[in-house]
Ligand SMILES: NC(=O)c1ccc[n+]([C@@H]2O[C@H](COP(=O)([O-])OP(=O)(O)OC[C@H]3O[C@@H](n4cnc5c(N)ncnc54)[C@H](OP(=O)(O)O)[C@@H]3O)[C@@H](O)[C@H]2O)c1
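Take a look at this single chain in structure tokens; it is the form predicted on its own.
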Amino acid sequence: MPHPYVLLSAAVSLDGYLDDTGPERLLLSGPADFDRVDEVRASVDAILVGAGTIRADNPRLLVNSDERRAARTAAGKPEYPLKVTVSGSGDLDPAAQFWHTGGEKVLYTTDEGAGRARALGLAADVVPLGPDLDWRRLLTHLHDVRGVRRLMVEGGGLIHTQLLTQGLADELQLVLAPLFVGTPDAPRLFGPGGYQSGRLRLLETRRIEDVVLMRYEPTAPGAGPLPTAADHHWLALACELADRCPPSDTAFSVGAVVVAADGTELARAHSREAGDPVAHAEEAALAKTDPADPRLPGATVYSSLEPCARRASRPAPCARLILDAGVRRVVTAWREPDTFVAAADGSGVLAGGGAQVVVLPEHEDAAKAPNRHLLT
């Protein structure tokens, strides 16, 4: 089932604690990093915290920047991301700031907890998940019912642990603060569990005042990065874009999306877009990006059809355009058949240029659908 892109976000001390045991919240980072977090919040569809975080920190979880909120509304999004929490008992303070600031809220709980939450009059959409909390059902509901494509998880440690150990996290953004807590009873980022993700892959390090941001991607033990829920989401979107192509008897209908490593969409396009009868989807999408964008080398191109290795209509095939843009990861649904070009091998061109090519055959039927008339 499709899930949102799940981004875990946390700040920890040098000895791995999220907070100390004092009555006030321990501030681990400074203004510049708080602004970065605000930027990430503005980029997502929903922000999730656990019930323990609401009880301990009483957070508001807002996008504080007027400019970022204005940009969201200009893009047709709600002013604030959806606020999400999870509680098995449903026993939460109705006066908490979580319920009374920002936009829409949703509480995922058990069948028993739903009755308690409704009796308390919590100002949220209460969604029971059955006798027990089920993260996969929760994520599927967020994706399919609430339209959430990017989910930022801000805690607490138990939730981070559960999502990582169940293989449901797509990215970890971890800020390391230059201080020690040293109190064994203080909350830690991760607890014990059956971690299946193996060694994480480092995507980025960045100094922000006196803290360091580290971005990691979970991987399979001893293997390269596995396809994630986000890969399936973006490739499904590319296949949907292919359906928008003007029909043609001499070219495939293809959709493409360029996505940064942090899950931000950089561009999208489809074949023969804007009245150009020979435009390819990948070509048109890359043309909408800034060639100097530093995110391109870490980006992924999602294309419903394998990028072309040769073409007669333009000097450079799409595989070469992708490499020239600096992109080194491509996810596709369908290898190009010999309909128009014999022995087409865009994947070979990409691999020869140092790019990783991932084929997700689960989406092949969707990619072929607008091209059935060319395949009979």
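All values reported here derive from a predicted model rather than from experimental measurement. The first residue of the sequence shown is number 1, and the count goes up from there.
Although it is not shown, the form predicted together with the named molecule is what the next lines describe.
The named molecule: the contacting residue among 211, 200, 96, 158 in the predicted bound form [heavy atom, 4.5 Å]: By the 4.5 Å heavy-atom cutoff, the listed residue in contact is 158.
Among 101, 89, 183, 250, which has any heavy atom within 4.5 Å of the named molecule in the predicted bound form? Among 101, 89, 183, 250, a heavy atom within 4.5 Å of the named molecule in the predicted bound form occurs only for 89.
Based on heavy atom distances of at most 4.5 Å to the named molecule in the predicted bound form, which listed stretch, 39-47, 345-353, 54-62, 323-331, is the contact stretch? Heavy-atom contact with the partner occurs in 54-62.
Quick one: in the predicted bound form, does every one of 261, 265 and 296 get a heavy atom within 4.5 Å of the named molecule? Not a single residue of the candidate spot has a heavy atom within 4.5 Å of the named molecule in the predicted bound form.
My question is simply whether residue 309 lines the interface with the named molecule in the predicted bound form - judged by any non-hydrogen atom within 4.5 Å. Looking in the predicted bound form, residue contacts with the named molecule do not include residue 309, since no heavy atom lies within 4.5 Å.
The named molecule contact at residue 154 in the predicted bound form, heavy atom, 4.5 Å: Heavy-atom contact with the named molecule at 4.5 Å: present for residue 154.
Flag residue 10 as yes or no: does it have a non-hydrogen atom within 4.5 angstroms of any non-hydrogen atom of the named molecule in the predicted bound form? The answer is yes: residue 10 has a heavy atom within 4.5 Å of the named molecule.
So in the predicted bound form, does any heavy atom of residue 133 sit within 4.5 Å of the named molecule? Flag for residue 133 set to yes.
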